[in-house]
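So this first bit is one chain, no partners, the form predicted alone, shown in structure tokens.
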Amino acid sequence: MSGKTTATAFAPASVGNVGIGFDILGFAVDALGDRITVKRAATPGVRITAISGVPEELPLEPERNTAGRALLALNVAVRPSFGFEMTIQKGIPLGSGLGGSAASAVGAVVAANALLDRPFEKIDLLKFAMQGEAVASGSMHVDNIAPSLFGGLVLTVGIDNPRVKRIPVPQGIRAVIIHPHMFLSTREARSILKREVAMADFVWQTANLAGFISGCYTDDLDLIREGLNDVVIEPQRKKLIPGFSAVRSAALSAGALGCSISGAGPTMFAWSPRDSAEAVRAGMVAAFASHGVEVDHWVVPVDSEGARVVAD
């Protein structure tokens, strides 16, 4: 028996796509995240009692909330004799491209899972959380959910029966995360994308993805540098981010292996050797500032922990 009546989970932010892995590749960012508390309730069903941490009002109706929808999916699978009451403490800015909707969904199912007499495996929690992500973006994709749940750099293949593989990252690599103070919805960023890709770009992007993953497995920084180059999605979305080209150029000039858009944006990320990471951060911050854009910024390890139950 679980014995728990209350559990709080921390679910980290994440960088989706990682440039070349649209909808299939992502890594966790432990520097910030959402905290979800779930309690057993006498009445069956799912209720959200409070949401804090963001200025905008988010829906308390479970079916309209990413965390609520994910927990509803778990509730249907379990059909417990008790209910779930949930409070959400947002630590990820809305519309930031840092997987805020995914983190809320992941945190909800991880916390609720700790209250079950027979907990689910992580792959089942992934499927429940996918239902929540669909509320925010209009489609089910896992590039933010999987790293938030599993931690580190994660490749996920498939939707109905997802296969998750955590990819090793060379020691000494740091991720530089720069979040401009602006809102960009995932739906808007997806709506501008073309529905067809030229054959030459398809081949180029496939080669870059394969090279990047191979470089991670073989500690080949040159191959990672060559592979971390998005030729399909980034050229379409960069116009949504003021100063994008200047920020990317500043990162590469300071020694970054690559620089691109985090998820749907507007947050940008760079991968850098540890010795260059602070210079990369300073260059990216200065480039945004030259375009009048204020930012938050972090330097974090890529090989980080995923969602977990924490002290209430």
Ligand code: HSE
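Just so it is clear, the structure is predicted and the values come from calculations on it, not from any experiment. Position 1 is the first residue in the sequence shown; the rest follow in order.
Unshown form predicted together with ligand HSE; subsequent notes refer to it.
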Contact residue in the model of the complex, from M284, A264, V29, C259 (heavy atom within 4.5 Å of ligand HSE):
A264
Any idea which of 285-293, 21-29, 5-13, 300-308 reaches within 4.5 Å of ligand HSE in the model of the complex, heavy atoms considered?
21-29
Does any part of N113 reach within 4.5 Å of ligand HSE in the model of the complex? Heavy atoms only, please.
no
Might T156 be said to contact ligand HSE in the model of the complex, defining contact as any heavy atom within 4.5 Å?
no
In the model of the complex, is there a heavy atom of ligand HSE that lies within 4.5 Å of any heavy atom of K165, even though the partner is absent here?
no
Contact of H181 with ligand HSE in the model of the complex (heavy atom, 4.5 Å):
no
Residues within 4.5 Å of ligand HSE in the model of the complex, restricted to 184-210 and counted by heavy atom
T186, R190
